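Next up is one chain by itself, shown in structure tokens, the form predicted on its own.
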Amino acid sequence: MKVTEHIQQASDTLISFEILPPLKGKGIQSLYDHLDPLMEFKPSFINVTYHRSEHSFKKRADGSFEKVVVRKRPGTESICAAIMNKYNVDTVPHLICGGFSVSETEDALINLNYLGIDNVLVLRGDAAKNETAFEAEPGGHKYALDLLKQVTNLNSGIYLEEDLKNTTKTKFCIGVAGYPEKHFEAPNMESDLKHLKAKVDAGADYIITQMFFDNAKYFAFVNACREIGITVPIIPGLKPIYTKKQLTILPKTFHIDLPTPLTEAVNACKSDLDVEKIGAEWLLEQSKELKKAGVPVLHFYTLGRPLLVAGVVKQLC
């Protein structure tokens, strides 16, 4: 079922989760161990992130260097299929521009369609670790908007091989990312919103936001979207804080602000166990307020802390 169909049929705020694929070398059981504590809440869908391949240089015996491709988190397509098979829940694989040609992207979409996966989240993706700015793969997409258009083309039966006849139309429900505190590369919020509206106008069915810790910023973002004619569902993305290090890591990595009351409470903690308790309390209060406001879905970035998130969701249900 499509994400938008879940939302249309719901009488209350839905729950969804986002997970990382296991690291290369880890088995599927590690994924099930992560998901098992979350499944009692009957999530409407589960997002599975995609990670581009990275490169390293290995020194040869003759002193020269060989470029080696390192893929640290493989298997998003198969992981989605495994989740659907084991838990009978819909999945949303992420699609990214970085590291993929348009033909590789088409092959991935065809595979997802064969697997009966109805949803994708379209993202540009981050720059590679050895790049100072995002660089498109040769023959790949530079912008999420272009990737989105490729998906909508397939939904219309338009493939890269123009001479194909009697093609099958895919039926992907397309999500895109939104940034309540502005994408860090955008010069201002107005510009960022214009780019977001262009994606919606091109066929995006819903928006999932970057994490935020101040609900006022989410509500202001939704209002700004509505004022420029964006009418699709806007799903808030939520994440718990559980270590003091995140006070510096999260703003630096995700370009977000942390509210002063939250940072003061975390700084007063004597251990990361205490931080977990503060983070859970903050996430619970955020979730309660958002649910009361009637958001369509509460989307939790679990990212290694399923039990913490499960404890919060249990108090909501």
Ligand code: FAD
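Because the structure is a prediction, the values reported are computed rather than measured. So that there is no doubt, residue numbering starts at 1 and follows the sequence shown.
This protein has a second form, the form predicted together with the ligand, left out of what is shown; the following refers to that one.
By the criterion of a heavy atom within 4.5 Å, His94 is counted among the residues contacting the ligand in the predicted complex. None of the heavy atoms of Ile228 is located within 4.5 Å of the ligand in the predicted complex. Using a 4.5 Å cutoff between non-hydrogen atoms, Asp214 does not count as a contact of the ligand in the predicted complex.
Of the heavy atoms in Gly75, none are within 4.5 Å of the ligand in the predicted complex. Using a 4.5 Å heavy atom cutoff, Tyr50, Asp192 and Tyr301 all lie near the ligand in the predicted complex. Here the chain stands by itself, but in the predicted complex one stretch of 202-210, 81-89, 162-170, 103-111, 202-210, has heavy atoms within 4.5 Å of the ligand. Checking Ile241, Val122, Ile117, Leu238 against the ligand in the predicted complex, a heavy atom within 4.5 Å turns up for just one residue: Val122. This chain is displayed alone, yet in the predicted complex one of Ile158, Ala220, Leu247, Ala186 has a heavy atom within 4.5 Å of the ligand; that residue is Ala186. Using a 4.5 Å cut-off on any heavy atom, none of the residues of 263-279 reaches the ligand in the predicted complex.
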